[in-house]
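Shown here is one chain on its own, the form predicted alone, set out as structure tokens.
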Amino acid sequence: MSGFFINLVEVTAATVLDVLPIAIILFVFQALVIRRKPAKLKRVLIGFVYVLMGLSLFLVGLQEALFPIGKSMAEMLTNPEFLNIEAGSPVRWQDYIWVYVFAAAIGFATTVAEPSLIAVSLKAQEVSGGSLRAFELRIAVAIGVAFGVSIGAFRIVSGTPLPYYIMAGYGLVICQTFLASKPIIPLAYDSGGVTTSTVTVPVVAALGLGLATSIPGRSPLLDGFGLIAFASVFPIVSVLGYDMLISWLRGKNQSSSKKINKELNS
């Protein structure tokens, strides 16, 4: 128990050092550039304390729970006894179906719970006047992350080069950019960034390192990293695809309505 509190104190001290520059920049600009006292200064200071407490407990929780769980799940899902294969047998991608399913599930769940994505989706709903729903955006992004992390797990299992996947992913994004509606494009690109944040990154990184460590012939340094790149690219694909699907359905409904009105008028 004492080790836990020592770790908490160390993490809190590191978090203070990380957050301190942000606070200094904000207050310096407030004092020297804007030259006005911050509104509701007491609430702002209390908010900073809450941020420090929350980040510290969250980081300790990652170290104590999420990282070990991700690694242990990867080890169990790649265990030869679980896969019903002989130890030392050649790695076949089709033997690791449950790994891909787990990667997709954990990618979807962590993305839905991502605080930065929740904040961005709520702002998008507010700015769009409700035409773009926050929950639908979160689901679209989560589906993209789930698919991307699953493909990334397949890459680790198969040992295929990472650049091919990333180039193909961004090639698809470029093609979709020409076809999607202009208002959704900046939001789609931002959606790829907000997924790689406090919840998703630690869990996905632990999964990737666990897989690369457990699968024979894979290097944790060369193969263990890269899942975050998949979690960044494929949400852009899914959000742009969601917009294209909605636009197609709306166009189809409008054409159907016009056809019905024409028949009624005739």
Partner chain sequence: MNKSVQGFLKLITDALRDLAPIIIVIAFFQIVVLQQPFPNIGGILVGLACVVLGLALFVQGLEMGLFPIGEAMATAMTRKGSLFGLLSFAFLLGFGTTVAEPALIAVAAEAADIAGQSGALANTIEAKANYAFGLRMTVALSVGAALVLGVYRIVAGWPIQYFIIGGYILVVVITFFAPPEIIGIAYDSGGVTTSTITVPLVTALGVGLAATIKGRNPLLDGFGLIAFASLTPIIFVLIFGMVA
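So that the term is clear: the rigid core is the largest set of C-alpha atoms that superpose within 1.5 Å between two forms. Bear in mind that the values here come from a model prediction, so they are computed numbers and not experimental data. Positions refer to the first chain, counted from 1.
Quick note: we don't show the form predicted together with the partner chain, though the next part is all about it.
- Put simply, of V91, I151, L162, I85 only one has a heavy atom within 4.5 Å of the partner chain in the model of the complex, and it is L162.
- The candidate spot formed by T12, A146 and L207 is out of contact with the partner chain in the model of the complex: none of the three has a heavy atom within 4.5 Å.
- Although the partner is absent from this view, I106 contacts the partner chain in the model of the complex, with a non-hydrogen atom inside 4.5 angstroms.
- By the criterion of a heavy atom within 4.5 Å, V19 is counted among the residues contacting the partner chain in the model of the complex.
- The shortest heavy atom separation between S158 and the partner chain in the model of the complex exceeds 4.5 Å.
- For I25, a non-hydrogen atom is located within 4.5 Å of the partner chain in the model of the complex, even though that partner is not displayed.
- Using a 4.5 Å cut-off on any heavy atom, the residues of 57 to 77 that reach the partner chain in the model of the complex are, in sequence order, L57, F58, G61, L62, E64, A65, L66, I69, G70, M73, M76, L77.
- A displacement of less than 2 angstroms separates the C-alpha positions of M244 between this form and the one not shown, with the rigid core held in common.
- Once both forms are fitted on their core, the CA shift for S131 between this form and the one not shown remains under 2 Å.
- Note on A65 and A212: their C-alpha atoms are more widely spaced in the model of the complex, a change of at least 3 Å from this conformation.
- Relative to the displayed conformation, the Cα-Cα distance from E114 to A14 shrinks by 3 Å or more in the model of the complex.
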